[in-house]
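This document starts with one chain, in the form predicted alone, laid out as structure tokens.
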């Protein structure tokens, strides 16, 4: 049985964040998810009564779709609680498109919330420590950073990547964040400051690591036909692909190559475009090495050339390839999982609604999510009306 043609069949019609940063001890993840959902639905000219497809994942809530549906008062006829870490929400977009085109639902709400920062202040974490196999636990790794540090160290050894290359990623993210009034940290950052920051898991320092913030996000998706009658310009799903090869870092086949090589190949094929056609990239930058690995695996440069590729401000404001124009997980926000926020930023860039950080002529945007320890990889390519 062949799958339906998804290219341009569905569109994002509403996006929103909740309050971000540090919301305080009296607010909770599901409340932030609901705040974002209400704002995204309002932007789309819809309400909870229109929602018949619910897609969500919240850390620490094993039945997140049931909790969220009850809290919002929606009664979905299609539910998806796929939980593959931070890539879940781009996966949800792919699944929502399949559900809508096959008639399983008409209006899909993708939603997330987390109080990761405030939870730590309350003396409790939103979820327990990562599960480790005994052969990893014996070495007492500090997960997840230890896994990403392994990948960074291997990339350095194999390709000559340096800490300065990693610092270029952090500085670029901060320069974008300076243009985003919602970003958690906006003060200037230099390469020397990154290099001088405290090492957490060699070779990664504190400034190579993502933020820990509170926040939520929501994305509303419907059919292309219905989207044309709604208030905001539709942003169409042109292509999507998913892949995963491992769960634990010790089982990753090659520490320098991620399953983004496969997810992006599938997304490009569905969209009928390639890296040269992409006007902007929004990807999951939990650590600075992520950006280098993903730009390689998504086809923007050859394997091993990522460090040089990001150098000299290439991915910063004014550079040749705009990457994480909201400031990314490194400087904008990272509430436990970041994967819904690339979709929100890509939508705003295509609509021309990104304010001071808006890039000219964004017709095609690539979004990419990462889950686990470079484990789950999901790529989605979005486009405006002119791309159909």
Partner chain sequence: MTGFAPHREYTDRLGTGSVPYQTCDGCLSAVFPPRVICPRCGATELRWSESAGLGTVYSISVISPRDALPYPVVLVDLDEGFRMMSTVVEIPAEDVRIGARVRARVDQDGPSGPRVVFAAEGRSEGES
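What you see is a predicted model, and the numbers here were worked out from it, not measured in a lab. Positions refer to the first chain, counted from 1.
Absent from the display: the form predicted in complex with its partner chain. The rest refers to it.
Of the options 143, 273, 179, 224, which one has a non-hydrogen atom that comes within 4.5 Å of its partner chain in the predicted complex?
Result of the distance check: 143.
Let me know the one among 103, 73, 253, 231 whose heavy atoms come within 4.5 Å of its partner chain in the predicted complex, would you?
Contact check passes for 253.
Please pick out the stretch from 310 to 318, 197 to 205, 164 to 172, 89 to 97 that is in contact with its partner chain in the predicted complex, where contact means heavy atoms within 4.5 Å.
Result for this chain: 197 to 205.
Kindly indicate whether 26, 28 and 39 are, all three, within 4.5 angstroms of its partner chain in the predicted complex, using heavy atoms.
Verified in the predicted complex; spot residues all out of contact, no.
Might residue 138 be said to contact its partner chain in the predicted complex, defining contact as any heavy atom within 4.5 Å?
Residue-level check for residue 138: yes, a contact with its partner chain.
Does its partner chain come within 4.5 Å of any heavy atom of residue 149 in the predicted complex?
Within the cut-off, so yes.
With a cut-off of 4.5 Å between heavy atoms, is residue 157 one of the residues that contacts its partner chain in the predicted complex?
Result yes; residue 157 sits at the interface with its partner chain in the predicted complex.
Can you tell me if residue 153 lies within 4.5 angstroms of its partner chain in the predicted complex, counting non-hydrogen atoms only?
Although its partner chain is absent here, residue 153 would touch it in the predicted complex, with heavy atoms inside 4.5 Å.
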